[in-house]
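Shown below, as structure tokens, is a lone chain in the form predicted on its own; questions about how it binds or moves come after it.
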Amino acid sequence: MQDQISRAEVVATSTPTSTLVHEDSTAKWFLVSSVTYFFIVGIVALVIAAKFVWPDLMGTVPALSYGRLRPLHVNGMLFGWLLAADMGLSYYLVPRLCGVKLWSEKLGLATAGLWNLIILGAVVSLLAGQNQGLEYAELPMPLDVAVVVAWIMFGINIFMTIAQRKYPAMYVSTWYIMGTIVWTAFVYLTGNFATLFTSGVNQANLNWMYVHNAVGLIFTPVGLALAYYFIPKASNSPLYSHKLSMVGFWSLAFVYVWTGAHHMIHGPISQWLQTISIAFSVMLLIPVWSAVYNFFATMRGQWQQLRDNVPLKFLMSGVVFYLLTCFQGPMHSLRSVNAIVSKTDWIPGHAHMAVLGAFSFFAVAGTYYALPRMFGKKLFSDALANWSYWLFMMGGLGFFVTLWLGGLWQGWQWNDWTIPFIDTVIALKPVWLVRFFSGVLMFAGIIAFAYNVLATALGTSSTEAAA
């Protein structure tokens, strides 16, 4: 039964009557820069995908070797594109959910400047081969310290904005963003600092705790914050259940942190630790189903809007990808399944569906929704936005499904001791070829999205401002 809509839900899902004018300078800088990095890192991704099919491509250029491009691609997508876009959209929605202006635009702009310096520093250092050798934690120590400083600046600005809010009730998106700030501090410090003081199995355990929680306690909560805000806004429908959203929030907080060890099933860690990670991985179905059911129930009677509403298309497709991702995770943590798919192409297929399928779809949708309202213009091209959706969708499905099937095939071959390892590599060339051309489609979607955003932001003012 639908809950009685709280004051905070009314704020999130109805047209505001307040005359408050938001400056949004910080949000604009974060979004424009993140979209630019999305395009640049997309080029890197295509080169990497091509190297799987044509291994000698650019092989004589050290800076363009796989070992240097891969960490640049990972960090660029996670921190240059996705987290920067999430931060920009958080700067947009938190003041609106609180009924006040951002606490300090100057602090926000300083944060945006520092964040851009970090990303540019990462490009230079990673291409130069300066790498700490830890998954998702490759950045040199000075850049790690700068990330901590920037995150503190971001956290102060958001928490101070919330502290001076006019609306006493807090909508679920506010809860998720506060959780993201706290959890990111814990997860990032563990993965990038504490890990350096350990070795062997202990280091691997900490590193996988960081890697898995970088997705689960950084990108998941802030991604859900965007979905909880923009799905009701884009569909002009009240959220189905605030209570159900709180079930999802608190179950995510208590369950996700224990799941990272499922990446080391059948590895050199204790059986009891493996069992705990499996149990908590399966319990992830609680926060996932809470959120997904809430989103689908919110859309009840509104599905016809998907025909013409591009942000809503991205949002609800992202919800489906989120459901598939978070069903895959618990299932491949089971020992019998893990024995087949662990370390195969199934895992990058799963990870890319989370980052590019679910959370990037939420960020793209939020950008399409918020940008015209921040700049007071119509979106440059609705048709181009629709094209970007279909290019993302077709490329993404080709990419994800190919890697899942290829990973299963790869795992079966690895379990057959009569097949030489090199033959399992050769057998996957058709899979990697399909992945490359699927990546071309996704990159075309990135081009359409980036051009649309930059043309809206940098173009002349429209005579018909956004509603």
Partner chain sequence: MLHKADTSATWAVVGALGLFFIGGLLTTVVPPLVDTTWAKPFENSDPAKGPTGKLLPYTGLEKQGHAIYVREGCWYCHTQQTRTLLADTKRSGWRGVDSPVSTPDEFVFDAPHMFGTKRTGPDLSRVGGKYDEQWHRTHFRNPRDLVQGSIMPPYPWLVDNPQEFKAIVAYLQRLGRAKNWRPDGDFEK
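Worth saying up front: this structure is predicted, and the values here are computed from it rather than measured. Positions refer to the first chain, counted from 1.
Another form exists, predicted together with its partner chain; not displayed. Remarks below refer to it.
In the model of the complex, none of the heavy atoms of Trp404 sits within 4.5 Å of a heavy atom of its partner chain. Using a 4.5 angstroms threshold between heavy atoms, Asp144 stays clear of its partner chain in the model of the complex. Its partner chain is not drawn, but in the model of the complex it has no heavy atom within 4.5 Å of Val440. Taking the partner from the other structure, its partner chain in the model of the complex has a heavy atom within 4.5 Å of a heavy atom of Gly267. Shown here without its partner, the chain carries Val61, Ser199 and Pro420, all of which come within 4.5 Å of its partner chain in the model of the complex through at least one heavy atom. Interface residue among Phe380, Trp258, Phe321, Phe219, judged by heavy atoms within 4.5 Å of its partner chain in the model of the complex: Trp258. Taking a 4.5 Å heavy atom cutoff to its partner chain in the model of the complex, the contact residue among Ala253, Met283, Met153, Met331 is Ala253. Stretch-level contact analysis of 363-371, 84-92, 272-280, 304-312 against its partner chain in the model of the complex, using heavy atoms and a 4.5 Å limit, identifies 272-280. Looking at 138-168, the residues that come within 4.5 Å of its partner chain in the model of the complex, counting any heavy atom, are Glu138, Phe159, Ile162, Arg165, Pro168.
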